[in-house]
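Below you will find one chain, with nothing else, as structure tokens; this is the form predicted on its own, and questions on how it binds or moves follow later.
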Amino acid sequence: MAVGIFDSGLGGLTVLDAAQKRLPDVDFLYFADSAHAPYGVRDAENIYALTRHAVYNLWDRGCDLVILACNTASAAALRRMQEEGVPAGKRVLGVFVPLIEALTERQWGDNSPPREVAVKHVALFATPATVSSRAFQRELAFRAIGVDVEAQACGGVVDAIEDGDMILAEALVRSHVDALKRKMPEPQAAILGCTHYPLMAETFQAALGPDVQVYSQGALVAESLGDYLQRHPNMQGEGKGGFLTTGKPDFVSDRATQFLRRQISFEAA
């Protein structure tokens, strides 16, 4: 039995790692569309087509539940896939929900009118595609009022991480934080709106300062997934766990092993 986890590349490994620690008895099948990464510079139609293809691949492999561990895919493709309908017995979920639940301190199923929350000034760091979609702001507005969100498109960060150039990634993060602070000098909270970014969480925190609460998605998504599987135990599927990539398996395996500091072996999708 396996739950599918999809990402455009290796960023979703931060979600996978947290999910495996939270749910050690659950198998996961991770799919990295490395041949087409990064998604953040693609247009919405292309992101939707690539995401849909990957999700159906995971469904065909027996994963009844697929988590889009990619903010760009969640922003550009999730709602459309759900509106178009999914096969009977299948589900696809994104990563925005647990984050917004934590920020607003209210459950997703709470359909009461939007209300004020403690955090008023939020910095959102995300890919260009996620920023342009305004999906985070739209979902937040359904649940909270009076929150000022300043988004910063972090071009180049995902590419540097995927290439293993962490020195360049750190320099880019500091540059993007500086750019955001020129627009919002004193954010109260910061959202790392790409699953690659937790790999740079210490750099973000250092650049933002100790008084800014930084939200990473891995642990939040893992906790939410645990609750979901407890309520829907039949959604663990029938497939086998493992690692798949559309890229070069040896190269992707080496990068993944560096990220998680344990041996990871990808196979061709």
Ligand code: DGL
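Everything numeric here is computed off the predicted structure, so don't read it as measured data. The numbering used is simple: start at 1 and walk along the sequence shown.
This protein has a second form, the form predicted in complex with the ligand, left out of what is shown; the following refers to that one.
- The contact residue chosen from L124, V173, A77, V158 relative to the ligand in the predicted bound form is V158, the criterion being a non-hydrogen atom within 4.5 angstroms.
- Stretch-level contact analysis of 240-248, 38-46, 201-209, 57-65 against the ligand in the predicted bound form, using heavy atoms and a 4.5 Å limit, identifies 38-46.
- In the predicted bound form, no heavy atom of A32 sits within 4.5 Å of the ligand.
- Heavy atoms closer than or equal to 4.5 Å to the ligand in the predicted bound form belong, across 70-85, to the residues C70, N71, T72, ordered by sequence position.
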